[in-house]
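Next up: just one chain, as structure tokens, the form predicted on its own.
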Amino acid sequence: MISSVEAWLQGTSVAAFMIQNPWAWAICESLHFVGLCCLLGPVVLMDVRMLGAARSVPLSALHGLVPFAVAGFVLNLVTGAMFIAATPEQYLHNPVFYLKMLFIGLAGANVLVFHGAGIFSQVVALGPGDAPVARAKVLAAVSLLLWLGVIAWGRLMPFLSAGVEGAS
């Protein structure tokens, strides 16, 4: 199954673009980093505030940064897909890639719980100096740990792929 997905990905115009243009990979790496900063800047600020730091900052003000986080996630999704299309063997045969994807999925589920359980509306209504409920603090701590895991697995991916079948 993976070999057919690999073959399909390698035949896409995205793969051809990434392979034929010597600067494409470097530009996408830079954009991926910018996307990560746009995503994690607001996430970390909101999480750290919910954990009790910078209590003078109203959480509603930090919520205004959400569009940057969404844009960063989309940028990372696009550039990440371009990396996979160009060299699917480096990703699809690497268990660390699947760990990174798991952590991204869990971070997304954490956001859904935050919004779906009504915690978001409680948090955004807090004023300066107000402390969030314990559930918000737990979700903030989980968020920080999950995003730290995403970064760690992403950075470890090329180093832990040695000896993995199909990895280069």
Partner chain sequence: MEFFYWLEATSLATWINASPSVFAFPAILLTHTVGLTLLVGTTVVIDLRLLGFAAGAPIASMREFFGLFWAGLVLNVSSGLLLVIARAGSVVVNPAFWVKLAAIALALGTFFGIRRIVFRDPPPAGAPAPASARGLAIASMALWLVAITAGRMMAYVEEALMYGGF
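From a predicted model like this one, the values you see are computed outputs, not experimental measurements. Residue numbers count along the first chain shown, from 1.
There is another form of the same protein, the form predicted together with the partner chain; it is not shown, and what comes next is about it.
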- Item | Interface residue in the predicted complex among Ala117, Leu102, Ala54, Ala131, criterion: non-hydrogen atom within 4.5 angstroms of the partner chain | Ala54
- Since exactly one of Val111, Val44, Val142, Val124 fits, which has a heavy atom within 4.5 Å of the partner chain in the predicted complex? Val44
- Item | Whether Ser30, Val34 and Leu40 all lie within 4.5 angstroms of the partner chain in the predicted complex by heavy atom | yes
- Task: Could you confirm whether Ala61 comes within 4.5 Å of the partner chain in the predicted complex, counting heavy atoms only?
- Result: yes
- Message: Can you work out whether Val48 and the partner chain are in contact in the predicted complex, taking contact to mean some heavy atom pair no more than 4.5 Å apart?
- Response: yes
- Item | Contact test in the predicted complex: Leu65 vs the partner chain, heavy atoms, 4.5 Å | yes
- Given that the partner is absent here, does Ala26 sit within 4.5 Å of the partner chain in the predicted complex, heavy atoms only? yes
- What residues in 146-161 sit within 4.5 Å of the partner chain in the predicted complex, counting heavy atoms only? Leu148, Ile151, Ala152, Arg155, Leu156, Phe159, Leu160
